[in-house]
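Just one chain follows, in the form predicted alone, and it is written as C-alpha coordinates.
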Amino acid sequence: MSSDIAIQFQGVTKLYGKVLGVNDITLELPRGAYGLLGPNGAGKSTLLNLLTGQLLPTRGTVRVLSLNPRNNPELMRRIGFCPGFEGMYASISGIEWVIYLLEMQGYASCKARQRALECMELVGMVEGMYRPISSYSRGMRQRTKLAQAISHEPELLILDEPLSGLDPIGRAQMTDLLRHWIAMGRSMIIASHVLHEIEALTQSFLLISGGRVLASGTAEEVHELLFDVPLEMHVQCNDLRGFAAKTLAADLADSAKIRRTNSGGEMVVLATRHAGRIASLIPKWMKDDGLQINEIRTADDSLQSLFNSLMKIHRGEL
(Lines give C-alpha, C1' and ligand atoms only; values in the text may rest on other atoms or scores of the structure.)
Protein backbone atom coordinates (compact mmCIF):
# COMPACT_ATOMS: atom_id res chain seq x y z
CA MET A 1 0.00 0.00 0.00
CA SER A 2 1.44 3.35 -1.06
CA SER A 3 2.28 5.90 1.66
CA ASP A 4 0.11 8.35 -0.31
CA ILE A 5 -2.96 6.21 0.38
CA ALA A 6 -4.73 7.24 3.57
CA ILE A 7 -7.57 4.71 3.57
CA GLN A 8 -7.94 1.34 1.88
CA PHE A 9 -10.90 -1.07 1.98
CA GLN A 10 -10.58 -4.36 0.15
CA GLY A 11 -13.82 -6.36 -0.17
CA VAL A 12 -15.01 -5.23 3.27
CA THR A 13 -18.31 -6.50 4.64
CA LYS A 14 -19.52 -6.03 8.22
CA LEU A 15 -22.43 -8.05 9.57
CA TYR A 16 -24.21 -7.55 12.89
CA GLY A 17 -25.67 -11.02 13.17
CA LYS A 18 -27.95 -11.09 10.13
CA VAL A 19 -27.99 -7.30 9.76
CA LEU A 20 -25.74 -5.82 7.09
CA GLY A 21 -23.62 -2.84 8.21
CA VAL A 22 -21.46 -2.33 5.12
CA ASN A 23 -21.49 -4.50 2.04
CA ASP A 24 -18.47 -5.49 -0.07
CA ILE A 25 -16.72 -2.09 -0.09
CA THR A 26 -13.51 -1.75 -2.06
CA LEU A 27 -11.89 1.69 -2.29
CA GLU A 28 -8.60 3.57 -1.99
CA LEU A 29 -8.47 7.19 -0.85
CA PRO A 30 -5.25 9.17 -1.22
CA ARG A 31 -4.40 11.65 1.52
CA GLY A 32 -6.80 14.58 1.42
CA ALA A 33 -10.25 15.65 2.64
CA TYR A 34 -13.38 13.61 1.91
CA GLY A 35 -17.05 13.89 2.73
CA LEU A 36 -18.95 10.69 3.51
CA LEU A 37 -22.58 11.42 2.71
CA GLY A 38 -25.58 9.25 3.44
CA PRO A 39 -28.96 9.16 5.13
CA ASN A 40 -29.33 7.96 8.72
CA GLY A 41 -28.69 4.21 8.86
CA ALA A 42 -26.70 4.22 5.61
CA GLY A 43 -23.59 2.64 7.16
CA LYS A 44 -21.51 5.79 7.73
CA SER A 45 -20.77 5.15 11.40
CA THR A 46 -20.00 1.49 10.74
CA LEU A 47 -17.47 2.49 8.08
CA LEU A 48 -15.82 5.01 10.43
CA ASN A 49 -15.71 2.50 13.29
CA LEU A 50 -13.96 0.06 10.97
CA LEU A 51 -11.39 2.79 10.23
CA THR A 52 -10.70 3.35 13.92
CA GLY A 53 -10.48 -0.36 14.70
CA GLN A 54 -13.50 -0.36 17.01
CA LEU A 55 -15.07 -2.90 14.68
CA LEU A 56 -13.53 -5.85 12.88
CA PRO A 57 -14.72 -6.56 9.33
CA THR A 58 -16.64 -9.81 8.93
CA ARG A 59 -14.88 -10.17 5.59
CA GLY A 60 -12.14 -8.23 3.81
CA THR A 61 -9.29 -6.00 5.01
CA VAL A 62 -9.03 -2.40 6.21
CA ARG A 63 -5.84 -0.34 6.20
CA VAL A 64 -5.45 3.20 7.53
CA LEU A 65 -2.17 5.01 6.83
CA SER A 66 -0.88 1.58 5.73
CA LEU A 67 -1.66 0.03 9.13
CA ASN A 68 -4.23 -2.44 10.45
CA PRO A 69 -6.39 -0.28 12.76
CA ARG A 70 -7.40 -3.03 15.18
CA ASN A 71 -5.70 -2.64 18.61
CA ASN A 72 -2.96 -0.49 17.11
CA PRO A 73 -1.57 2.18 19.49
CA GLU A 74 0.80 3.47 16.79
CA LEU A 75 -2.13 4.29 14.52
CA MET A 76 -4.13 5.84 17.38
CA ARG A 77 -1.34 8.39 17.79
CA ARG A 78 -1.66 9.31 14.10
CA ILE A 79 -5.44 9.68 13.85
CA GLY A 80 -8.00 11.82 15.63
CA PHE A 81 -11.58 10.64 16.09
CA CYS A 82 -14.69 12.66 16.86
CA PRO A 83 -17.39 10.02 17.43
CA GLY A 84 -21.09 10.41 16.85
CA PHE A 85 -21.85 9.10 20.36
CA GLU A 86 -21.03 11.01 23.54
CA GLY A 87 -18.48 8.72 25.23
CA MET A 88 -17.33 11.30 27.80
CA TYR A 89 -17.09 11.17 31.60
CA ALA A 90 -19.96 13.37 32.79
CA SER A 91 -18.51 14.13 36.23
CA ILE A 92 -15.26 15.76 35.07
CA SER A 93 -14.71 19.04 33.25
CA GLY A 94 -14.08 19.32 29.52
CA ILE A 95 -10.50 20.47 30.02
CA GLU A 96 -9.77 17.53 32.34
CA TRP A 97 -11.17 15.12 29.77
CA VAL A 98 -8.94 16.49 26.97
CA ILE A 99 -5.90 16.46 29.28
CA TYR A 100 -6.61 12.85 30.27
CA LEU A 101 -6.76 11.71 26.65
CA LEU A 102 -3.55 13.57 25.79
CA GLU A 103 -1.79 11.88 28.68
CA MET A 104 -2.99 8.56 27.30
CA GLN A 105 -1.26 9.58 24.05
CA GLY A 106 2.01 9.95 25.99
CA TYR A 107 2.00 13.69 26.69
CA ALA A 108 3.59 14.84 29.95
CA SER A 109 1.06 16.47 32.31
CA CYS A 110 2.36 20.01 31.85
CA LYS A 111 2.39 19.79 28.04
CA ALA A 112 -0.98 18.03 28.01
CA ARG A 113 -2.54 20.89 29.98
CA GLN A 114 -1.00 23.54 27.74
CA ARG A 115 -2.15 21.81 24.56
CA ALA A 116 -5.63 21.13 25.97
CA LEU A 117 -6.04 24.82 26.82
CA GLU A 118 -5.00 25.77 23.27
CA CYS A 119 -7.51 23.38 21.71
CA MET A 120 -10.40 24.33 23.98
CA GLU A 121 -9.78 27.94 23.01
CA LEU A 122 -9.69 27.00 19.32
CA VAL A 123 -13.15 25.40 19.53
CA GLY A 124 -14.67 28.25 21.55
CA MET A 125 -14.85 26.49 24.92
CA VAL A 126 -12.85 28.94 27.07
CA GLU A 127 -15.80 29.96 29.25
CA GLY A 128 -17.20 26.48 29.84
CA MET A 129 -14.12 24.29 29.96
CA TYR A 130 -13.92 24.07 33.77
CA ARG A 131 -17.57 23.11 34.18
CA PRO A 132 -18.55 19.43 34.50
CA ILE A 133 -19.44 17.82 31.19
CA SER A 134 -22.83 16.83 32.65
CA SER A 135 -23.80 20.53 32.51
CA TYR A 136 -22.86 20.92 28.82
CA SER A 137 -25.32 21.46 26.01
CA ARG A 138 -25.05 19.16 23.01
CA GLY A 139 -23.17 21.86 21.10
CA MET A 140 -20.64 22.25 23.92
CA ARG A 141 -20.07 18.50 23.95
CA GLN A 142 -19.49 18.55 20.18
CA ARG A 143 -16.92 21.33 20.57
CA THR A 144 -15.13 19.41 23.32
CA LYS A 145 -15.06 16.20 21.28
CA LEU A 146 -13.51 18.11 18.39
CA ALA A 147 -10.93 19.65 20.73
CA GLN A 148 -9.74 16.22 21.84
CA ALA A 149 -9.73 14.93 18.24
CA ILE A 150 -7.29 17.63 17.08
CA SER A 151 -5.32 17.98 20.33
CA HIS A 152 -2.49 15.58 19.45
CA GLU A 153 -2.19 17.01 15.90
CA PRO A 154 -3.00 13.77 14.05
CA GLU A 155 -2.32 13.12 10.38
CA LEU A 156 -5.91 12.04 9.74
CA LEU A 157 -9.13 13.30 11.32
CA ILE A 158 -12.13 10.96 11.33
CA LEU A 159 -15.30 12.91 12.13
CA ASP A 160 -18.79 11.48 12.61
CA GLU A 161 -21.43 14.23 12.26
CA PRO A 162 -19.21 16.78 14.09
CA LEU A 163 -21.53 19.74 13.38
CA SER A 164 -24.65 18.05 14.72
CA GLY A 165 -26.15 19.94 17.65
CA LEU A 166 -24.28 23.18 16.97
CA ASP A 167 -26.12 26.46 16.48
CA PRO A 168 -25.47 28.44 13.24
CA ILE A 169 -22.63 30.44 14.83
CA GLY A 170 -21.03 27.27 16.15
CA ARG A 171 -21.33 25.58 12.76
CA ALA A 172 -19.61 28.54 11.08
CA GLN A 173 -16.81 28.55 13.67
CA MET A 174 -16.19 24.81 13.43
CA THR A 175 -16.32 24.94 9.63
CA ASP A 176 -13.64 27.64 9.64
CA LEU A 177 -11.51 25.54 12.01
CA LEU A 178 -11.80 22.47 9.78
CA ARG A 179 -11.06 24.51 6.66
CA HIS A 180 -7.85 25.69 8.32
CA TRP A 181 -7.01 22.07 9.16
CA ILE A 182 -7.39 21.06 5.51
CA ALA A 183 -5.43 24.11 4.32
CA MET A 184 -2.50 22.91 6.42
CA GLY A 185 -2.36 19.80 4.22
CA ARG A 186 -3.80 17.37 6.74
CA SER A 187 -6.24 14.61 5.88
CA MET A 188 -9.85 14.24 6.94
CA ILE A 189 -12.92 12.12 6.38
CA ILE A 190 -16.14 13.65 7.67
CA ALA A 191 -19.50 11.90 7.74
CA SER A 192 -22.73 13.84 7.38
CA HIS A 193 -26.22 13.59 5.91
CA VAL A 194 -26.19 17.30 4.94
CA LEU A 195 -24.64 18.07 1.55
CA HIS A 196 -23.97 21.77 2.08
CA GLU A 197 -22.04 21.09 5.31
CA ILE A 198 -19.59 18.94 3.37
CA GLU A 199 -19.51 21.29 0.37
CA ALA A 200 -18.19 24.01 2.67
CA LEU A 201 -15.14 21.85 3.43
CA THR A 202 -14.25 19.67 0.46
CA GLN A 203 -15.09 18.93 -3.15
CA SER A 204 -14.51 15.15 -2.78
CA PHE A 205 -17.50 13.01 -1.86
CA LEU A 206 -18.45 9.40 -1.19
CA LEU A 207 -22.17 8.62 -1.31
CA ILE A 208 -23.17 5.68 0.86
CA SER A 209 -26.56 4.04 1.32
CA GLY A 210 -27.66 0.58 2.32
CA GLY A 211 -24.09 -0.20 3.38
CA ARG A 212 -22.75 0.36 -0.15
CA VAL A 213 -20.65 3.14 -1.62
CA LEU A 214 -22.94 4.06 -4.50
CA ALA A 215 -20.97 6.89 -6.10
CA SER A 216 -18.03 9.21 -5.59
CA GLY A 217 -16.91 12.47 -7.11
CA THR A 218 -16.94 16.25 -6.78
CA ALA A 219 -19.74 18.51 -5.57
CA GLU A 220 -20.50 19.43 -9.18
CA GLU A 221 -20.81 15.76 -10.11
CA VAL A 222 -23.10 15.13 -7.13
CA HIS A 223 -25.39 17.95 -8.26
CA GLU A 224 -25.34 16.53 -11.78
CA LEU A 225 -26.46 13.20 -10.35
CA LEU A 226 -29.38 14.98 -8.70
CA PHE A 227 -30.42 16.14 -12.18
CA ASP A 228 -29.83 12.81 -13.89
CA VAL A 229 -32.04 10.60 -11.72
CA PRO A 230 -35.85 10.46 -12.03
CA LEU A 231 -37.42 13.40 -10.22
CA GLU A 232 -40.23 15.94 -10.21
CA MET A 233 -39.71 19.47 -11.52
CA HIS A 234 -42.07 22.26 -10.45
CA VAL A 235 -42.17 25.20 -12.89
CA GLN A 236 -44.14 28.44 -12.68
CA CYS A 237 -44.14 30.46 -15.91
CA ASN A 238 -46.28 32.65 -18.18
CA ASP A 239 -47.28 29.77 -20.49
CA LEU A 240 -47.82 26.63 -18.44
CA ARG A 241 -49.45 24.56 -21.18
CA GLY A 242 -46.98 25.66 -23.83
CA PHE A 243 -44.04 24.76 -21.56
CA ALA A 244 -45.58 21.37 -20.78
CA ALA A 245 -46.17 20.71 -24.49
CA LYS A 246 -42.54 21.56 -25.36
CA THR A 247 -41.09 19.13 -22.84
CA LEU A 248 -43.42 16.33 -23.89
CA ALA A 249 -42.81 16.95 -27.60
CA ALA A 250 -39.05 16.81 -27.02
CA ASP A 251 -39.49 13.53 -25.10
CA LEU A 252 -37.94 15.14 -22.00
CA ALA A 253 -40.76 14.27 -19.59
CA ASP A 254 -42.77 11.14 -18.84
CA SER A 255 -45.73 13.28 -17.77
CA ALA A 256 -46.71 16.94 -17.33
CA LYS A 257 -49.57 18.09 -15.12
CA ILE A 258 -50.95 21.50 -14.15
CA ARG A 259 -51.42 21.86 -10.39
CA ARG A 260 -52.45 24.55 -7.96
CA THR A 261 -49.74 26.10 -5.79
CA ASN A 262 -50.17 26.84 -2.08
CA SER A 263 -50.46 30.53 -2.92
CA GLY A 264 -53.38 29.95 -5.29
CA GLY A 265 -51.46 30.11 -8.57
CA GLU A 266 -50.64 27.31 -10.97
CA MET A 267 -47.52 25.36 -11.89
CA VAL A 268 -46.40 22.60 -14.23
CA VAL A 269 -45.31 19.38 -12.50
CA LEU A 270 -42.99 17.33 -14.71
CA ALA A 271 -41.95 13.75 -14.06
CA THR A 272 -38.60 13.60 -15.82
CA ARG A 273 -35.26 11.88 -16.10
CA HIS A 274 -33.82 14.83 -18.02
CA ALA A 275 -33.94 17.80 -15.65
CA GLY A 276 -30.46 18.90 -16.72
CA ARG A 277 -31.43 18.90 -20.40
CA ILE A 278 -34.62 20.86 -19.67
CA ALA A 279 -32.65 23.43 -17.67
CA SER A 280 -30.21 23.86 -20.58
CA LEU A 281 -33.07 24.45 -23.06
CA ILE A 282 -35.00 27.00 -20.99
CA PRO A 283 -32.77 29.99 -21.99
CA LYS A 284 -33.41 29.18 -25.67
CA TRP A 285 -37.17 28.93 -25.12
CA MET A 286 -37.10 32.22 -23.24
CA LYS A 287 -35.26 33.94 -26.10
CA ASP A 288 -37.13 32.36 -29.03
CA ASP A 289 -40.66 31.99 -27.65
CA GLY A 290 -40.96 34.69 -25.00
CA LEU A 291 -41.16 32.16 -22.17
CA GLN A 292 -40.97 33.85 -18.76
CA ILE A 293 -39.92 31.67 -15.84
CA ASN A 294 -41.08 32.79 -12.40
CA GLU A 295 -39.84 29.80 -10.45
CA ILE A 296 -38.22 26.46 -11.16
CA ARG A 297 -37.32 23.89 -8.56
CA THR A 298 -37.07 20.15 -8.11
CA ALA A 299 -39.35 18.60 -5.53
CA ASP A 300 -36.85 15.78 -5.06
CA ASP A 301 -33.68 17.91 -4.89
CA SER A 302 -32.39 16.00 -1.89
CA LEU A 303 -29.74 13.48 -1.04
CA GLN A 304 -32.40 11.03 0.11
CA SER A 305 -33.97 11.11 -3.34
CA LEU A 306 -30.56 10.64 -4.93
CA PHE A 307 -29.73 7.67 -2.69
CA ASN A 308 -33.10 6.06 -3.38
CA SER A 309 -32.58 6.40 -7.13
CA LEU A 310 -29.00 5.12 -6.99
CA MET A 311 -30.15 2.09 -5.00
CA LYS A 312 -32.77 1.39 -7.68
CA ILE A 313 -30.07 1.67 -10.35
CA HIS A 314 -27.89 -0.83 -8.42
CA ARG A 315 -30.85 -3.21 -8.22
CA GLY A 316 -31.56 -2.81 -11.92
CA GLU A 317 -34.91 -1.13 -11.37
CA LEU A 318 -34.02 2.01 -13.36
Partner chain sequence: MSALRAVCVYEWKRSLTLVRIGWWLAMAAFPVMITILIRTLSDPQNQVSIATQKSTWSMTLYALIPGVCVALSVLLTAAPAVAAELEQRSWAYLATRPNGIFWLLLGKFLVSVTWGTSAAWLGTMFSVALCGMDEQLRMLLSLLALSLLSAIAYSALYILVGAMFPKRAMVFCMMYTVIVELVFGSIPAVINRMTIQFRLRTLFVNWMPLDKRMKEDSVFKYVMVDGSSWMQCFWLITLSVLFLTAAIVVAHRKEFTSATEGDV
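The shown structure was predicted, so the numbers you read here are calculated from the model rather than taken from an experiment. Numbering follows the first chain given and starts at 1.
Beyond what is shown, the protein has a form predicted together with the partner chain; the following relates to that form.
Peer 1: Of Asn238, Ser134, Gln173, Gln105, which residue is found within 4.5 angstroms of the partner chain in the predicted bound form when only non-hydrogen atoms are counted?
Peer 2: So the residue touching the partner chain in the predicted bound form, by this definition, is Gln105.
Peer 1: Heavy atom within 4.5 Å of the partner chain in the predicted bound form: which of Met140, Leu214, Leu201, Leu101 fits that? Just give me the one.
Peer 2: Flagged contact: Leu101.
Peer 1: Counting any heavy atom within 4.5 Å as contact, can you tell me which stretch out of 202-210, 161-169, 177-185, 106-114 lines the partner chain in the predicted bound form?
Peer 2: Stretch with heavy atoms near the partner: 106-114.
Peer 1: Would you classify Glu232 as touching the partner chain in the predicted bound form, given a 4.5 Å non-hydrogen atom cut-off?
Peer 2: Result no; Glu232 lies far from the partner chain in the predicted bound form.
Peer 1: Using a 4.5 angstroms cut-off on non-hydrogen atoms, would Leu56 count as touching the partner chain in the predicted bound form?
Peer 2: The answer is yes: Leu56 has a heavy atom within 4.5 Å of the partner chain.
Peer 1: Find out whether any non-hydrogen atom of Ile92 is located within 4.5 angstroms of the partner chain in the predicted bound form, and reply yes or no.
Peer 2: Contact check for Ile92: yes, within 4.5 Å of the partner chain in the predicted bound form.
Peer 1: If we define contact as a non-hydrogen atom of the residue within 4.5 angstroms of the partner, is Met125 a contact of the partner chain in the predicted bound form?
Peer 2: No, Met125 stays farther than 4.5 Å from the partner chain in the predicted bound form.
Peer 1: For the stretch 149-165, return the residues whose heavy atoms include at least one within 4.5 Å of the partner chain in the predicted bound form, in the order they occur.
Peer 2: Contacts from 149-165: just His152.
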